[in-house]
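A single chain, nothing else alongside it, follows as structure tokens in the form predicted alone.
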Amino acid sequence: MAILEVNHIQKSFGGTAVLKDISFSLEKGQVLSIIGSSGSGKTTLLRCLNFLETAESGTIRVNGKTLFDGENHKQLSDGEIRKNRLHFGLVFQSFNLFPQYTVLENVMLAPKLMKKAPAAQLEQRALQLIEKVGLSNRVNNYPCQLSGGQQQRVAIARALALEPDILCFDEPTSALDPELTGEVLRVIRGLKNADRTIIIVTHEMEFARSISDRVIFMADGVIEEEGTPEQVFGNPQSAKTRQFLSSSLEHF
């Protein structure tokens, strides 16, 4: 059974259709990369999955459970929406760390507020995640004392702390200098090796090609092309896909 099933999602802003009948599924442990030009709807799709935006129609299911039904979404309470969000961990492009908290406090905050376990157990788990992203020597530092790449790695550890079913990345390297991009991509690659289910909105084409099990190319609010990296990058069927890749990959 697919861990994620998205069917016929639509979303508009001010009369402009941004997502037009989006449907796809994702198996547990797969990595899905969503690529496309700015304005194609990639980030809006991710925000709808994370309930930061509300789609106008369609359904979203995780592990066979319907989290969103466009016909009944108004019946969801704020508490239900917050509960649904726990299925997804979201790493923003701009880190969004709390500046007044240390690395350890940032990673522990959400599980502590939710009282998921005793404080000592939460701290042990947070330290393990911080070690996983390679920042054990920075646990007591504040975000202002970290590089952009280090802040993004803290954001990844924080997203993992709530043990989401699906980990989502929204352009995780777009705010980083090129020399810092590699350290974040290495952490994400390590998560794939840990058999996590991941969705990445990215402009790093070579990274998407090497890490993904599935690739979606979006254009003008629709899924223009979907397939394995070999299919989408190696033998694109759509003229729009070919045009996009030709401007994104120098060797294409």
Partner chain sequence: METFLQQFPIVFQALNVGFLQTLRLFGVTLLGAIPLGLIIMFGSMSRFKPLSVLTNLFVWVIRGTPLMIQLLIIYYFPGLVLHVTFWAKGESGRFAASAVAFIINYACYFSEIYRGGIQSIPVGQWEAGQVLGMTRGQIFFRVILLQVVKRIVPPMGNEIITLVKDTALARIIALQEIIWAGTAFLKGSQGISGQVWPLFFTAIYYLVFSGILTLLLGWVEKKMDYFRG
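All values reported here derive from a predicted model rather than from experimental measurement. Numbering follows the first chain given and starts at 1.
Below: the form predicted together with the partner chain, not depicted.
Would you classify N50 as touching the partner chain in the predicted complex, given a 4.5 Å non-hydrogen atom cut-off? Output for N50 is yes: heavy atoms within 4.5 Å of the partner chain.
- Message: When the contact criterion is heavy atoms within 4.5 Å, does C144 count as touching the partner chain in the predicted complex?
- Response: Yes, C144 sits close enough to the partner chain in the predicted complex that at least one of its heavy atoms falls within 4.5 Å.
Review point. Can you check whether Q121 is within 4.5 Å of the partner chain in the predicted complex, heavy atom basis?
Key: Flag for Q121 set to no.
Please run the contact check for R85 against the partner chain in the predicted complex: heavy atoms, 4.5 angstroms, yes or no? Output for R85 is yes: heavy atoms within 4.5 Å of the partner chain.
* Asked: Can you pick the one in L180, L109, L76, L167 that has a heavy atom within 4.5 Å of the partner chain in the predicted complex?
  -> Selected residue: L109.
Check each residue of 89 to 119 against the partner chain in the predicted complex and list those with a heavy atom within 4.5 Å, in sequence order. L90, F92, N96, L97, F98, P99, Q100, Y101, L109, A110, L113, M114, in sequence order.
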